[in-house]
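In structure tokens, one chain follows: the form predicted on its own.
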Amino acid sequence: MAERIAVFGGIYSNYLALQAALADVQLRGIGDVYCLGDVGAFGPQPNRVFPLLREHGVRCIQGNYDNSIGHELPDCQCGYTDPRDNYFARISYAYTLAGTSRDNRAWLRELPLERRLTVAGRRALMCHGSPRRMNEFLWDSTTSSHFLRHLAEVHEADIILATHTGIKWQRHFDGKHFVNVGVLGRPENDGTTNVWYAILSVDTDVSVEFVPVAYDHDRLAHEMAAERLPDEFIETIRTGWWTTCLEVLPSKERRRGHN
């Protein structure tokens, strides 16, 4: 029987999507659940996600947001260069930092930067952006298999699991696997309101199932409005189209979107 684990990234304070994903994981009988970082950002009431993670025994690593919130740094280390993206990043970071309790900041600060485990004999490495840099953007259209092979060899992994970009994808190469598991916090700029997590199954081979998660996005949008978060954030939750972070998208990924 295949060994299975559930993996997601980028909760972005979306506790409603987290609840829905964890319920789905439980229905599927998967006991091992991992979060690849960025617990906060973007969404309302950041403290609401922490009890869910603890209750369900979700094993987490640090994303750039968690590292910054935990250490109370001046910014989110998001890796943006565009002034507009950085403008919205500053709003999101200030809100999340102010709304995360001291105890939860301490918990984030103690999270590991990566996790390694063996799944049915395969060496899996979990990171946030990439194994070499927490906030590195690895996109399907601009990341070569040669580079992924290099990462796998240097970091001694058969499977690399990452997130950070907000758009899921996977690549198989020379018996190795790279998986961007997607995010739970916001839709992936495809005009649908669902979000995503991944199930990794390993037996004689490795397979990945990307699972869509429907949740009460209208409720989340109302709660975001009550917290006076930017209308641009709320529009993304309601429509499934990104209104921020577009400048980081390579041309191919941008063409798939509405903007």
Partner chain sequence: MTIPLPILDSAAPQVALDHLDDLWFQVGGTVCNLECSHCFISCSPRNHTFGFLDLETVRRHLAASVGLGVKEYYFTGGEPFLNRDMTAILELTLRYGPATVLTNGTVFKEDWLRRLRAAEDASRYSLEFRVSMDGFTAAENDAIRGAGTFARILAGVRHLLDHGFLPILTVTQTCDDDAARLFAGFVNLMKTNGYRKPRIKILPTLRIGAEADRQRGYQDHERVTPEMMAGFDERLLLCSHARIVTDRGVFVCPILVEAGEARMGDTLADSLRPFRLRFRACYTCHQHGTLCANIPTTGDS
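Positions refer to the first chain, counted from 1. Owing to the predicted nature of the structure, the values given are computational and were not obtained by experimental measurement.
The protein also exists as the form predicted in complex with the partner chain; that form is not presented, and the subsequent description refers to it.
Query raised in the report: Has each of Glu3, His177 and Thr204 got a heavy atom lying within 4.5 angstroms of the partner chain in the predicted complex?
Result: Checked in the predicted complex: no contact with the partner chain for any of the three.
Requested in this report: Name the single residue among Arg171, Arg123, Arg105, Arg90 that comes within 4.5 Å of the partner chain in the predicted complex, judging by heavy atoms.
Outcome: Contact residue from the list: Arg171.
Report task. Would you kindly say which of His155, Arg115, Arg149, Arg109 lies with a heavy atom within 4.5 Å of the partner chain in the predicted complex? Result -> Residue within 4.5 Å of the partner: Arg149.
**Report entry** Interface membership of Thr96, the partner chain in the predicted complex, 4.5 Å heavy atom rule
**Finding:** Close contact is absent here: in the predicted complex, Thr96 is far from the partner chain, nothing within 4.5 Å, heavy atoms only.
Query raised in the report: If you check in the predicted complex, is Ser144 within 4.5 Å of the partner chain, heavy atoms only?
Result: Yes, Ser144 sits close enough to the partner chain in the predicted complex that at least one of its heavy atoms falls within 4.5 Å.
Query - Any non-hydrogen atom of Thr100 within 4.5 angstroms of the partner chain in the predicted complex - result: Contact check for Thr100: no, nothing within 4.5 Å of the partner chain in the predicted complex.
Query - Contact flag, Ala23 vs the partner chain in the predicted complex, heavy atom cut 4.5 Å - result: Contact check for Ala23: no, nothing within 4.5 Å of the partner chain in the predicted complex.
Requested in this report: Determine which one of 133-141, 155-163, 115-123, 177-185 lies within 4.5 Å of the partner chain in the predicted complex, judging by heavy atom distances; exactly one does.
Outcome: Answer to the contact question: 133-141.
Query raised in the report: in the predicted complex, which residues of 83-99 put a heavy atom within 4.5 Å of the partner chain?
Result: Read in sequence order, the residues that approach the partner chain (within 4.5 Å, in the predicted complex) are Pro83, Arg84.
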